[in-house]
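Taking the form predicted alone, here's one chain by itself in structure tokens.
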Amino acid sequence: MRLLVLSALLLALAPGLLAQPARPVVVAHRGSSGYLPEHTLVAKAHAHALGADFIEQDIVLTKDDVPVVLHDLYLDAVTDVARRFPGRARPDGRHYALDFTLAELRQLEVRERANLKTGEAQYPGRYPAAAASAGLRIPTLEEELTLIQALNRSTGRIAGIYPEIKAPRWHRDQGRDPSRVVLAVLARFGYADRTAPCFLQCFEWEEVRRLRGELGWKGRLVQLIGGSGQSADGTDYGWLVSEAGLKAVAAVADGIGPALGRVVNWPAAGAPVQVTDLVTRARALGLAVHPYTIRRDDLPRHCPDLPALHAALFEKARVDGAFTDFPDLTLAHVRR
């Protein structure tokens, strides 16, 4: 029944999100994370209500191989794991999701992200830490997809999904394969090909190639690109944005998700924005460009304000979409 309902929704969707969009798409980064603790179901429901075109899921595995929606490999920055499970940290002092069963994760309270060095809120103006007893939990991927599809049906407005497979090389070094697990769940929910409202993303170049080749992913695929250096698996982000790198990406993927600084930057306070040629070069190869992450409370260095960032991305760089912690504010801009 679920697949029949989804198929009907996808037919209605086809002329919209997955066609060439009339405006840039807005991706709710970890849900409406500027307003509610990231990756909670309430943040996803709120993002849907705000009108986000796509809603992001970062995915890691539990000890019993359940894919859950969590940004970090470890639990410390967004839960009370140290208090609930003393003595369960690894030698680096962190508590990893892979070391806990789903039943154990169910016992954790999710809170607003904290700075692990200071213990203070990462973004002090957001959802207050004092409200941590609101009963927010880490959702499974299946729970989140069920919620989004149910909201799509009840509201008649389709929000797509934008899952990211987190640190697949690290997981495989631990004897697990998150990509295989995630693809099976996506297929079960009807996100299996290019007709589905789904972009699958990953930072690791070899895993992007593996997803398309060995694992046979037929849906839309995005190569994420960090602002500098390399990813933990050795992916060279500088090479990825070179002509040779972009051509290699275009052979297997549908788009790139670069850090904001690879698209726009402000060289000094009061200076006009500088726009790189990355969007132009990527689009010439048929790649969509969805940079990350727009935050009104964490603007790029020397960027004067949120309207200036929106204008730089959407009017000057002319990106195809963007990730944002504040989907309502970004939507208000692109709708104008």
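Sequential numbering from 1, following the sequence displayed. Quantities reported herein were computed from a predicted structural model and do not represent experimental measurements.
We do not show the form predicted together with SN-glycerol-3-phosphate (G3P), though everything after this point is about it.
At least one heavy atom of L224 is located within 4.5 Å of SN-glycerol-3-phosphate (G3P) in the model of the complex. Shown alone here, H71 lies within 4.5 Å of SN-glycerol-3-phosphate (G3P) in the model of the complex, counting heavy atoms only. At the 4.5 Å threshold, heavy atoms of E164 reach SN-glycerol-3-phosphate (G3P) in the model of the complex. SN-glycerol-3-phosphate (G3P) is not shown here, and in the model of the complex it never comes within 4.5 Å of any heavy atom of W205. Highlighted residues S33, Y127 and D328: none comes within 4.5 Å of SN-glycerol-3-phosphate (G3P) in the model of the complex, counting any heavy atom. You can rule out all but one of 280-288, 300-308, 55-63, 265-273: in the model of the complex, only 55-63 has residues with a heavy atom within 4.5 Å of SN-glycerol-3-phosphate (G3P).
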